[in-house]
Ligand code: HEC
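Before any questions on binding or motion, here is one chain by itself as structure tokens, the form predicted alone.
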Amino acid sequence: MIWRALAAGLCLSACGAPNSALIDQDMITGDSIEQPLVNAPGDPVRGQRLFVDRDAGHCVLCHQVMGLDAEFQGNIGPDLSLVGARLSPGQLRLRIVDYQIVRPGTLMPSYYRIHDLHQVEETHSGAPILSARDIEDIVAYLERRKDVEDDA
């Protein structure tokens, strides 16, 4: 088990943007993935852009963040204004990677899983919605969300 996790970690750092086949039970501790998916710190500014970008995460479709300059924020998912005060980076990471692991049957998409998906357009089959780098950038943005003034 330790060797498999180590090998996955080596490929994560060497490969840059691995696929979700590398996310297995060995990487999950409780309700989190403690180790970053890439070997570089996330960029919270880029993470914020991905959070609102219609062609990337588009998290604001379902979530809202007070103080964030984004129109038409959703209310299907929980308010993420103070999510950094509630969840650790590892918990945020697993929720973005594949929230189905934490809460089976959730409406939230699995942004990094590539198996057991349904109604995926053929051109997108076998590819995650977000890259490992994208996920780390969004985690970096969300972990800073500890005060409603964070984006002001």
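Being a predicted model, the structure only gives us computed values, none of them experimental. Each residue number is its position in the shown sequence, starting from 1.
One more form of this protein exists, namely the form predicted together with ligand HEC; it is left out here, but the text below deals with it.
- [ ] Please state whether every one of the three residues C62, R86 and M108 places a non-hydrogen atom within 4.5 angstroms of ligand HEC in the model of the complex.
- [x] Judged in the model of the complex, C62, R86 and M108 all sit within 4.5 Å of ligand HEC.
Open item on the list: Given that ligand HEC is not shown alongside this chain, does L130 nevertheless sit within 4.5 Å of it in the model of the complex, heavy atom to heavy atom?
Closed with: Heavy-atom contact with ligand HEC at 4.5 Å: present for L130.
Open item on the list: Can you work out whether L37 and ligand HEC are in contact in the model of the complex, taking contact to mean some heavy atom pair no more than 4.5 Å apart?
Closed with: No - in the model of the complex, heavy atoms of L37 and ligand HEC never come within 4.5 Å of each other.
Open item on the list: If we define contact as a non-hydrogen atom of the residue within 4.5 angstroms of the partner, is I138 a contact of ligand HEC in the model of the complex?
Closed with: Contact check for I138: yes, within 4.5 Å of ligand HEC in the model of the complex.
TODO: Determine whether any heavy atom of I33 comes within 4.5 Å of a heavy atom of ligand HEC in the model of the complex, and answer yes or no.
DONE: Close contact is absent here: in the model of the complex, I33 is far from ligand HEC, nothing within 4.5 Å, heavy atoms only.
Open item on the list: With the partner left out here, which residues of 60-98 have a non-hydrogen atom within 4.5 Å of ligand HEC in the model of the complex?
Closed with: Sequence-ordered list: L61, C62, H63, I76, G77, P78, L80, V83, R86, L87, L92, R95, I96.
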